[in-house]
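Here you get one chain, nothing else, as structure tokens; it is the form predicted on its own.
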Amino acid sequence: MNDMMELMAVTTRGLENVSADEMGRIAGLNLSQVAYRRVHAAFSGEPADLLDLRTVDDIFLHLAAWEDLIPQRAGLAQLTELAGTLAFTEALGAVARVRPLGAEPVFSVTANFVGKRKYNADEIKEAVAAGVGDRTSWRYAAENESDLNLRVFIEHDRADVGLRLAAASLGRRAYRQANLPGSLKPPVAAAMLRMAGVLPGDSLLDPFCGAGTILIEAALAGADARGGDNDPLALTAARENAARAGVSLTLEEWDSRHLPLEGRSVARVVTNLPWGRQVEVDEGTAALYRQACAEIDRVLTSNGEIVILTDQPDLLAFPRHPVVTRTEISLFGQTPVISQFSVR
């Protein structure tokens, strides 16, 4: 396929550059803009090649950019009018290259916005759906009942509109059936692994593995993934998810403060520590973090990498590994920080 397609990837706030780096390594893809929760690009390759992206929440074929949107109630009629001008032919052709479409598709609309306005996301959806319905014979339905999804991303007075390439969001991995409070979004886990420089064959440790998302994403990337948790239910969930993903993990029930591992035996440590409202920590958080950090430092190779997610990054300390970057992200309605420690 030689025609140039305009793309819009939606990602977690704070991880835009990580997603842009992953996208930029795809042959035929040229980045054009990195914006709030979005990465825009032009692409001349096969659409199916985009479905392997791991760090983005979703990928859309960019249909239009609407400028000078009205924030008052009259803006809803404006959105309906603009939606009636959308052209779908080329985008539908790209979608048809990766999955079958019926003659009369069922469509849904998802919407979010940045900036004050006098209408809400549900009203945006209805307004856009009305305009599309006037132009086509498609039936409007909920997202889980639709063949096609339109994404409307409004930032102040501009909207970017896209048509989802895949049948479902890329961030909703099929293996994620068993979940626990605080379970990490797979694209965030994949981004953390990318920040740690995890490569095929690397030894990867997650001492607080929970439902196994980091370990599974690492194993799918070719790493030798090992982890554990002090909760047997978490390990059961991790095993179930790993089986669905078709990967093999080394999982153990353990106390992360006393890991049954040899010193200097692990090349990469990537983990989501207990934090925030999602997970209740039974003991003093500071003591837990201090002891866990000491164990991670003990088992890590001298040139190893550490990437940790928590809302209390100041409690992390690794004498041999200075902090390189701290990246605040949006997750679970909170703003935790991904801290990267490295010898470099």
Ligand SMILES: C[S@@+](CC[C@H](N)C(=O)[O-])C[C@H]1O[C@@H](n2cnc3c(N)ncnc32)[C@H](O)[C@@H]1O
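Note that residue numbering begins at 1 and tracks the sequence as displayed. This is a predicted model, so every value here is computed, not measured.
We do not show the form predicted together with this ligand, though everything after this point is about it.
Judged by heavy atoms within 4.5 Å of this ligand in the predicted bound form, the contact stretch among the candidates 177 to 185, 119 to 127, 163 to 171, 147 to 155 is 177 to 185. In terms of contact with this ligand in the predicted bound form, the residue from A234, A111, L249, M195 that brings a heavy atom within 4.5 Å is A234. Proximity to this ligand in the predicted bound form, defined as a heavy atom within 4.5 Å, singles out one entry of D255, E143, E81, E240, which is D255. Of the heavy atoms in G75, none are within 4.5 Å of this ligand in the predicted bound form. Contact annotation: F88 falls outside 4.5 Å of this ligand in the predicted bound form, judged by heavy atom distances. Although the partner is absent here, V269 lies well away from this ligand in the predicted bound form, with no heavy atom inside 4.5 Å. Proximity of N230 to this ligand in the predicted bound form falls within the 4.5 Å heavy atom cutoff.
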